[in-house]
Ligand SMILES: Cc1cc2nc3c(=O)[nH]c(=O)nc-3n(C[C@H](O)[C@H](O)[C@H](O)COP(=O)(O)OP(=O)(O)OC[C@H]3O[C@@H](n4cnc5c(N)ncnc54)[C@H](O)[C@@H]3O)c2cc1C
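In structure tokens, the next block holds one chain alone, the form predicted alone.
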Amino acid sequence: MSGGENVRGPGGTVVIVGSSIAGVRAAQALRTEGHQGRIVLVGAESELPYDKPPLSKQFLSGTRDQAGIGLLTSAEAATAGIALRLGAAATHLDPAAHRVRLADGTELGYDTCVLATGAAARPAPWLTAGGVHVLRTLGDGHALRRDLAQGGTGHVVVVGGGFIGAEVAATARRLGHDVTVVDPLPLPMARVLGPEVGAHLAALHRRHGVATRFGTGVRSVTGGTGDLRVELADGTVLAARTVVVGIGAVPNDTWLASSGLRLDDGVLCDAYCRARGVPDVFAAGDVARWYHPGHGAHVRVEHWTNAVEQAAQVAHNITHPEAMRPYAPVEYVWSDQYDFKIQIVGRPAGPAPDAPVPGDPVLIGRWEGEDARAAALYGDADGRLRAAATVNWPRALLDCRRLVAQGADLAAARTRIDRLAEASARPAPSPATSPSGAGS
């Protein structure tokens, strides 16, 4: 495409900026919803679109390759009529002129624009000669996987005990590395799930041979690849081959600073995921901060499921402007750590960006051992079920998601999950006494 080319077509042109899960699903959902016009998917990376959750798990461990985490092939894009514009980051949005400028000077005209640029890993604050990694992109994944594969099973220090840090720690440990997790919080994921559940997650790390240094931060990291020194705030110095930094993410919205859009920890949107005051620009995924009618507040959610569901809602609202639907999901996220599958529905800490640590949850089930199966129920000020976290318990997760969506009474939810726990604890009937009479 030459600079300034007009790409509008029958049904209108939709330019989607961002080729990760939200962008890809928005493009596909537009076709499913009946959009007949041109769709252009813009991506800063030259690689075909790929999925990011496996980067800290299957891709890092080597059990899935790059093709195995792909989201959209060239052939699939061509079949769906999705034009791929990869390897050129968007640098400017002009809502008045309906144009997106790319880093190579190309300008794309649009009738509707979808912003799906996601978020970037918060960079490591320490400069070294190498060996310090973040994990957000495929390039990051390749670099860390190479580093872990070289030089045997050296010591890995993971800075940050959140989702990414915990998953990298679990994967590195399974690969045979000595691992230490460092986090200034006294317990991992306490901001998300509270100290009670955090204590169980800390025990999970230790049970699998991971050293934990919670309640202290990192003062400095010096050295280079294979020979790093990590000095903690309490004066302890850890030697490491590799350091992985997982200290959060920031929305990729700086390229929009000159656009006139309202930016506040992401692109500020209304309940229909439209940029405030700009009805032909939508946002989806990690970069979107939209008004959630159920919470009565603007929220931004950095989770895979939200990106998929929000992209589908945006596609509906673009193709059906006469019947737009507000986006009010029950949030859902999962994390695989060792033998734990942790699933969370709702927002344990509440919707506000500066929400406090979750209050004391109701804990049900077994949190330790090979047969761990547990749930934590979080209530709001009105005694309703606001959120839940489960471990290795799909049935409880399904019930909790439904109960959170209904705004169910916390006491009633507790009764329901208690009954599930009691039923699962009963021994299964023998064939001779089963209701069907089998085996008699």
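Everything numeric in this text was worked out from a predicted model, so none of it was measured. From 1 onward, residues are counted along the sequence shown.
Keep in mind that the form predicted in complex with the named molecule is not shown, yet the notes after this line are about it.
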property: The named molecule contact in the predicted bound form: Ser56, any heavy atom under 4.5 Å; result: yes
property: is_contact(Val42, the named molecule) in the predicted bound form, heavy atom dist at most 4.5 Å; result: yes
property: Glu331 within 4.5 Å of the named molecule in the predicted bound form, heavy atoms; result: no
property: Distance check, Ala307 to the named molecule in the predicted bound form, heavy atom within 4.5 Å; result: yes
property: Stretch from 229-237, 268-276, 153-161, 133-141 whose residues place a heavy atom within 4.5 Å of the named molecule in the predicted bound form; result: 133-141
property: Position in contact with the named molecule when the complex is considered in the predicted bound form, options Leu148, Ala202, Ala90, Val221, heavy atoms within 4.5 Å; result: Ala90
property: The named molecule: the contacting residue among His303, Arg366, His177, His292 in the predicted bound form [heavy atom, 4.5 Å]; result: His303
property: Sequence-ordered list of residues in 87-122 near the named molecule in the predicted bound form, where near means a heavy atom within 4.5 Å; result: Ala88, Ala89, Ala90, Ala116, Thr117, Gly118, Ala119
